[in-house]
Structure formats: structure tokens, C-alpha cells
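Just the one chain here, the form predicted alone, laid out as C-alpha cells.
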Amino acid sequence: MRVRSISLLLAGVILIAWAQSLFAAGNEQQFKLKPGANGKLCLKCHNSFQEKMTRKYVHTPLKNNECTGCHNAHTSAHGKLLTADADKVCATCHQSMVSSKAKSVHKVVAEGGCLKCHDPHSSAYKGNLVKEGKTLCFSCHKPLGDKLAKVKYRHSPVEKDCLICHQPHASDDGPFLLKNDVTKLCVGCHKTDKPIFIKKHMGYPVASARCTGCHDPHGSDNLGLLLKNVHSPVSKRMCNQCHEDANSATPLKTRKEGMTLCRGCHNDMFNKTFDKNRMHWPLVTKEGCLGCHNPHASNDKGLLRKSMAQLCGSCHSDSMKRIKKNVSKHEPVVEGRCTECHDPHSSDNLALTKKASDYDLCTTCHDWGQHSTHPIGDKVRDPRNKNLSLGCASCHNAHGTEYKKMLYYPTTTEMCLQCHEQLKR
């Protein structure tokens, strides 16, 4: 019996090996199509491709009548009878779109969305693009396109082609898909030794400065493409108010260090700031004001270095991560209006809130607080901790929670039971 089992096993192994050899041999032989039928046979049914073949740029496989380079002629587990997922089909030929050294990668490329930008068959535009130049870019980057449609002055490359400054797939040189470091990219066109360049910059040696600290690289309502909000000394061309004179040995050195320099003009704000018990951490660091503000210009109010949500989130990343998970979100938080509740410089209150009582803070916006039927306010003690008053934050999280109405618990009943234990009986 054992000998018979071994014999059957050996026979099975031999049969599998024989079948594999037959498959390999058959696989080496191409389907014998009619003479000249390669590709053209497909076009007999797919008549619309006759027009595609007349376009200026035709994808190489289609030009060579090699439809089976991307499609399976009989069946497929993928749409359009593709031999694999669309992004993987492209990668069989186009393998080097993103290098291992890439510092920034176009989101659409990382997601494998090749067909969002390219027509896989043919196009009237170079690179088989589905639209021309900036029109294609602004179909995704709509906010930028809308902004540039309204501004008075636009950067010349933006008017011509985004790819003058940006790489379409990935960049090894810097963020935002730039073809080079910001400064090197700018001085490639704007020659720093030209008299007009020197005059515009008041004779200061700014050839190695980061140009986007003052200028918007796309467009602006201000001459010279200056950012939307310009620091007063810059707008008045009074660089030596903060820096040493242009002809000095150290022209870019500031006349004073850190906050001492800022206090020369913003003394009233500093007096109010240092009069409080709690200060915002960036103020006490070496960077001081420059931790949050750009000293020259900014597109954001208050000369902030980034939008408020991004700026606050760069330090308070833990809060931002939690906020993203919240089902019910507080509107000011979602819109990045942190300073509606918090003072960005200093406060006498915990968490730098603008008012000591959360009830007083919340009712500046929520008038329903005036007619709440629940006892609330400084005179009402929290049953869970008699040292605390009962306020809005006793039941609601100011940033939001994963539950409705920003409650700490899934239902109102569960929230109430935290204090009203008699209800459990």
C-alpha cells in the first residue's frame, strides 16, 4: 500500500512537470495574427482611435501598434482589460519618475494617479498631458489659480509655464517640487549684480537671502511681488531701522538682538505682555518674536510665518492630531482661529485663554449660555472636584471630541451620570 502511494505521488510530480514544460513551450510562440494585423486589428472595432492617432503626440506603444503592451486582448481582472492596475502598467516602462533622493514628491504621483495628468494614448500637448501647462496645474491647485486671476501682478513664469520653476513628478533639490533651492532658482533669472536689483534692495547684499521671505513667487497686489502684508520699515524702505547701514562691515546684522529690537517700536504691546503671569513659550526662547513672525513680510495677518493653524500646529501637534479624529469640532479650531480663545503672547489664565472663566469665554460667542437651565458659573462647585467651578468645559471639550456636541461621553445620559449618581439607582 505504501509503495503504491509513493508511485502515485511520483506520477503526480512527473505530470505537473510535463504540464509546466508544455505551457512554457506554448508561451514562447506568439499568437499568429494575420499579416499586418498587429494593432490594426484592434482599430477595426475601436474606431475612435483613428482620430487619436492623428494627434501631435502619440504614446509610443500606440504609435507602434502595440496595444497589448498595456491591454490583454482576451480577459483581465482590471478595468479596460489592462494587464495590471493603471499606475503599475505605467511603471513597467516609466520606472524612474521618483528617485530615492527625492525631497518632495507630487501627491498625484505618490498616489499613482498618472492618468489625472496624462492621456495614455495621445494628446495635442507635449508629454501626452490632458490639458495645457498651467491650465492642467490649476485644475487641482484651484485656490492658487483663483488667487492669481484676481491679483494685479503675476510672476512671469506663472504666466508662461509652472514647469519653469517646478518639477512635475518629484524634486531632489527642495520642497514644493522646486527645480533648485529657492535662492538659486530666483537668481538664475534675477541677476543680483544688476544696478536695478541693487537699487531696489537699498544696496544691501541680499544675493544669498531667501527671496520668498519678502516676495510671493506666484503673484501679488503689491509692486515687486511683495507679500500681502509688509512690515512698516520694509514698505518705507527703511532697512537701516532694524539692520546696520548697507555700507557697514556687517550690513545684515540687526542693531539689537531678539525681542530688544522689536520692543523699540512695539513697546506698548510688550508692556501688556510682560505684565501677565503666563507667557507664550516662543517669547522666552532665543528666537523671541521671530519664532512666529516674519520680520519682513507675510501673506498672513500679523506677519505670521504660516497660517495660524499651521503655525500653532507646528508646536501643538498632539492637539492637532486629536482634532483630526474628532467627529464634532469647534468651528474656530477647524478654521484655525486659535486667537479667538487664546492670547498668542501672554495671559493670567491657564492655557493662555483670554478670560479666566470658561463660561465667560464661551458666552462671548454662544448666547445660549445666558439661558442655560443647568446651574453654571463661578459660584457653582463641580461635584467631582469642589475646588473647581462648574463651567462649559465641565461637559464639553473646547476643541472637540469624537462624540456629538463636543461632549466627553457618547450620550447626554452618560455625561449627566458623572455628577448625578442618584440617577444610577
Partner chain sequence: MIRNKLTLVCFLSVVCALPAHAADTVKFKPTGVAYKDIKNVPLKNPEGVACSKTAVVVADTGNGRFVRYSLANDNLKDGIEFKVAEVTYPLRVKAAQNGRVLVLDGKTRKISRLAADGSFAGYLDYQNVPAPTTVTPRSMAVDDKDNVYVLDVYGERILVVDSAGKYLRQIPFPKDYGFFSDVAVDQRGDVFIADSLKANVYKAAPGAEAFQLFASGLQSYLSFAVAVDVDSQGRVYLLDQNDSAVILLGPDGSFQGRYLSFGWKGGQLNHPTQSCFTDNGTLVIADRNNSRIQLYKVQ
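Here the structure is a predicted model, which means the values were calculated and not measured. Positions refer to the first chain, counted from 1.
A second form of this protein, the form predicted in complex with its partner chain, is not displayed here; the remarks below concern that form.
- In the predicted bound form, at least one heavy atom of D275 sits within 4.5 Å of its partner chain.
- Contact check for L350: a non-hydrogen atom falls within 4.5 Å of its partner chain in the predicted bound form.
- Though the partner is left out of this view, S248 does not reach within 4.5 Å of its partner chain in the predicted bound form, counting heavy atoms only.
- Heavy atoms of V284 reach within 4.5 Å of its partner chain in the predicted bound form, making it an interface residue.
- Stretch 392-400 is the answer when you ask which of 392-400, 59-67, 357-365, 42-50 has residues with heavy atoms within 4.5 Å of its partner chain in the predicted bound form.
- In summary, among the residues D146, E111, D318, E331, the only one with a non-hydrogen atom within 4.5 Å of its partner chain in the predicted bound form is D318.
- Checking K179, H94, R255, R322 against its partner chain in the predicted bound form, a heavy atom within 4.5 Å turns up for just one residue: R322.
- Three-residue candidate spot R384, N387 and Y409; every residue lies within 4.5 angstroms of its partner chain in the predicted bound form by at least one non-hydrogen atom.
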